[in-house]
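Taking the form predicted alone, here's one chain by itself in structure tokens.
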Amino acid sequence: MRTLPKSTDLFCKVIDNLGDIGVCWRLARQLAVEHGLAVRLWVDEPAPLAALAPDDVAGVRVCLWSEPLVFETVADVVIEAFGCELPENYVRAMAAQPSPPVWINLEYLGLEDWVEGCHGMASPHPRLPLTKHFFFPGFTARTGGLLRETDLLSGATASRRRTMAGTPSLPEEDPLLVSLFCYDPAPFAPLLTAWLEDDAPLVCLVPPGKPLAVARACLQGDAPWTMGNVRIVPIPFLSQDDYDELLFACDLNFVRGEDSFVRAQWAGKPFVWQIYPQEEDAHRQKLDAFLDRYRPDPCLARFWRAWNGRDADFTQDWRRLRQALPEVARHNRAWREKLLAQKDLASALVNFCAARV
């Protein structure tokens, strides 16, 4: 009979786009709420969590990651998120335990085929009696799966009317409702031109930070902005739960990075992904690897590549995509059902660790 772990120390360093801490908070919350683990989330900058997750969660304790780290105990499971490198004094304490903890290096989302061969791979410490295991989130049964809470799809009942009513200065007609979450290099100017040359009424909801800065650079005057059939509306910074609801409510979601990318897939709505740019265009290989697996409508794949910096005729590409949105939505719902058949990441992680505690 397997012995289930009782405690977890999850280490995370905050980066400027907040994706790492966002993923770690979702994981910490699910490990505590659904699996009953006592979780300490060690963060070098706890402040961003106040906006992402304003409510406390029973079983999750947010701790300051200082140097040297001040701690009393070592957990049964130690998760090093995204190669952040554990404090040296904590690693020595791990090695001093009668039964060393299960040490997990939680990797970024795996898209290429080689990830399946590396998932779960063991890496012995060069000096200490410790072994680190590499755990890859991914889209197949031979990876660690994706973050998915048991009640996640309850967001499918999110009220579009509530989203519209809660956003000031929206028109009364029923427009195409779009959310825009992007990085700096996003080609918003040609996209806006394509929207303006189209006939369909469209409302674009833009959160603060980089997305609003990208939009504002293409616009004049004060927000909200109305130009013909298009209305651009800034919205407040949303908590993770509120953002998930927004994804369910919109007709089309522009997402970025890893966390919003995965959440858009659970929403089952058409989405456009901006992958995090990497040196030597390595991100384009990852984008193509996902498209090969996801197999969307060709016009959507073309639009994704255009949104990620490849040559495009945005006016024609947008018209084709808008016309194909009903079919894209059907494809995404089927894709979601396929993903739902796989074990979620938190459950897979707990089972993996239970076999090694």
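Computed from a predicted structure; not experimentally measured. Numbers for residues come from their place in the sequence shown, where the first is 1.
Unshown form predicted together with a small molecule; subsequent notes refer to it.
With the small molecule omitted here, the record of contacts in the model of the complex names 250-258 of 130-138, 195-203, 250-258, 95-103, defined by a heavy atom within 4.5 Å. Out of the listed residues F271, Y243, W266, F188, Y243 is the one that sits within 4.5 Å of the small molecule in the model of the complex by at least one heavy atom. Although the partner is absent here, D20 sits close enough that one of its heavy atoms falls within 4.5 Å of the small molecule in the model of the complex.
Though the partner is left out of this view, Y90 does not reach within 4.5 Å of the small molecule in the model of the complex, counting heavy atoms only.
Under a 4.5 angstroms non-hydrogen atom cutoff, the small molecule in the model of the complex has S239 among its neighbouring residues. Shown alone here, W225 lies farther than 4.5 Å from the small molecule in the model of the complex, counting heavy atoms only.
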